[in-house]
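Two forms, one protein chain; structure tokens for each follow separately as structure 1 and structure 2.
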Structure 1
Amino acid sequence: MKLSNKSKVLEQEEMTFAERIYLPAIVGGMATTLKHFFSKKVTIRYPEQKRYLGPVFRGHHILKRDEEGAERCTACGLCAVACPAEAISMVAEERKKGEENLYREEKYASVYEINMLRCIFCGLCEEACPKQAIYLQHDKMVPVFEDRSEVIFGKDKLVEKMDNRYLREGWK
């Protein structure tokens, strides 16, 4: 049964003389490979050269600070609830007097940890966060770890550095 008229019945013809002595086809094939021999190579030598992965790539997590440099996270735990891999854990703390320039909200996360062996980089934590505190950076990958003791990333690795702020394309 024909579902569409697009199919084409191929009739296998007997090979012509040129096809049967192989040589013309071989020379043609070799010309093709020789052309590729001199063409531009497409390889990206990875650790030295990196490809731009696009504005939506989900890489290394970052805990954003606001314009004044105070941490945005309020330790609500929504990211941990949203996380399908249960990679996030945190300890909440109340903000003391005089710490207003450090933490934007009255409650903050004194400990905030992501287990990078569990994380599947789905980005649900970023979507769940009501405070725009956690993001997955589009231009930075999680560094290679060689030991199990290195896989839990604490606040020291996650909180945004003031001298190296994260900006995604389209943000002002």
Structure 2
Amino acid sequence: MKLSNKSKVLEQEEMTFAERIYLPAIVGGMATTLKHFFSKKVTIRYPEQKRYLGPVFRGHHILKRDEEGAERCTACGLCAVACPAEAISMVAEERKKGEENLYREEKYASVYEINMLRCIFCGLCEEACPKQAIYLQHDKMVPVFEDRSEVIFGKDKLVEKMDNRYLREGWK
């Protein structure tokens, strides 16, 4: 039973001798191979050459300091709440007498840790921070881990050094 009267009969033509021995296909494949053989290589030699990662790349985390050298983080916990992977943990403490130049506010993060195995580098912690204390660097990748004990980044690896300040392009 036909559904419609619109049927089309296809007839296959007889292949030529060259098509039967796959000569056009072989020549086309060789032309593609030769074209790629003489084109410019896209591979870079990684340790010697480093590729520009771009301004929107999200890499190594950093806890910023202000101009006087005091830590900006006030341990509000918004970065930990915003993290979908739950990679950030912190312990808040009150500032003691004599620590006014170390911390900006009365409360600070005595322990600030990021589990790099859990982190998905989404940048939500950076967006959630009201004090602009945490940034994901656009020019530095997270180093390779050789041991599981190296994956927890504490304040020793996160707080920026005053002699090597992180500035993004476009910042003043």
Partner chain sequence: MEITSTLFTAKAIYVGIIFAITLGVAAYSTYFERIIAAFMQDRVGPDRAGPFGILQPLADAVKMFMKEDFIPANSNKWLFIAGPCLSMLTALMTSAVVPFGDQLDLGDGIILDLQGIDVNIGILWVFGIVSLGVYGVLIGGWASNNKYSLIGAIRAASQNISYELAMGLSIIAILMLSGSLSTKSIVETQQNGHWNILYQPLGFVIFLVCAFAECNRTPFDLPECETELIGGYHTEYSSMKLGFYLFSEYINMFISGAVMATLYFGGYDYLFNDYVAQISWLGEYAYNVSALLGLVVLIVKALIFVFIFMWVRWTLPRFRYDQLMGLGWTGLIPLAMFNVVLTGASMLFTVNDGGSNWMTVGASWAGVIIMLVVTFAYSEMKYKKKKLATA
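If you superpose the two forms and keep the largest set of C-alpha atoms that fall within 1.5 Å, you have the rigid core. This structure is a prediction, so every number in the text was calculated from the model and none was measured. Numbers follow structure 1, counted from its first residue as 1.
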| property | result |
| --- | --- |
| Identity of the form predicted alone among structures 1 and 2 | 2 |
| Core-superposed C-alpha of residue 41 shifting 2 Å or more between structure 1 and structure 2 | yes |
| Core-aligned C-alpha movement of residue 19 between structure 1 and structure 2, 2 Å or more | yes |
| Rigid core fit between structure 1 and structure 2: Cα deviation of residue 10 in angstrom | 15.7 |
